[in-house]
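Single chain ahead, written as C-alpha cells, the form predicted alone.
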Amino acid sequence: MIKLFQFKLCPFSRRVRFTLEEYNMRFVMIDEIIWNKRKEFLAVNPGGSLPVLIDEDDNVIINNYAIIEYIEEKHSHTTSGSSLISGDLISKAEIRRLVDWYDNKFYHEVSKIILRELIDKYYMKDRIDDKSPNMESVRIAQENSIYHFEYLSYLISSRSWIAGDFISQADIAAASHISCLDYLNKIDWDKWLEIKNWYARIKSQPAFSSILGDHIAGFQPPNHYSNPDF
C-alpha cells in the first residue's frame, strides 16, 4: 500500500492527501515531526522535507510537485475518471500557474510566515533561543493575505472554480494553504464571503473530510473549522 509521510498542518502534505483521496487511492499516513530529525525518516529523505510518498513498489517520491505529477500520471493510466489537471494546453497551463501562485507566492508571503511563527517555533522551543512567536510577523503576513484574497475573490467571481469550470489542482493548492490558516483561526471570513462560499464547497468534498478531522497537539481549531457549512 502507498505510504505518505506527512504533517497535519503542512499545506503540501494536505494537497497530496486531498489528491489521493479524490482519486480513491488507498494509502496510510505516517505523521512525521520533521523538527525531530528522525534517523529513519532521514534515511528515506536526507533533505528532511515533507511530503514523501512511497508507492506500492517501494519507489520513493519526494517533493510536493513530483508527488502530484506522479499521482496524476498514475491516475490517468488506471482510471477513466477526469483529471485534476484537465482541459486543453491553455487550461492546463492556467491550472499550473495558479498552483504555483499558492505553493510559492502565497506560501512565501503568507502561510510560511504564520506557520513558522506559530507552529515551527512551538516544535523547536527546546532548540532555539527565540521561542515566542513574532506576532508582528504574523500581522504582516495577514496584511499580505489581503492582496491574495482579493485576487482569489476576483477569480471565483468569474469562474465556477479557481481555474475554470471544474475543480482542479489549483483549488486543492489554494484550499490546502487556506485550511492551515483557518485551523489557526487567522482568516476573518466575514470579510471574504465569496471565498467563504468557495471554501464551503471545498469542505463539502468527501476527499477533504479527513483534513477537517485533523487535530494538532497544543493547538485547538475554531469551532467552525470542521463544519462544512461554517
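This one's a predicted model, so the numbers in the text were calculated from it and none came from an experiment. Heads up: residue numbers just count along the shown sequence, starting at 1.
Separately, the form predicted together with a further copy of the same chain exists; it is not shown, and the next lines address it.
Residue in contact with a further copy of the same chain in the predicted complex (any heavy atom within 4.5 Å), chosen from 29, 167, 61, 34: 61. Distance criterion of 4.5 Å from any heavy atom to a further copy of the same chain in the predicted complex singles out 108 from the list 116, 139, 108, 125.
The three residues 194, 203 and 230 each lack any heavy atom within 4.5 Å of a further copy of the same chain in the predicted complex. Contact annotation for residue 182: none of its heavy atoms lies within 4.5 Å of a further copy of the same chain in the predicted complex. The shortest heavy atom separation between residue 189 and a further copy of the same chain in the predicted complex exceeds 4.5 Å. Remark: residue 135 does not count among the residues lining a further copy of the same chain in the predicted complex, judged by a heavy atom distance of 4.5 Å or less. Proximity of residue 143 to a further copy of the same chain in the predicted complex falls outside the 4.5 Å heavy atom cutoff. Only one segment in the set 195-203, 170-178, 34-42, 64-72 has any non-hydrogen atom within 4.5 angstroms of a further copy of the same chain in the predicted complex, and it is 64-72.
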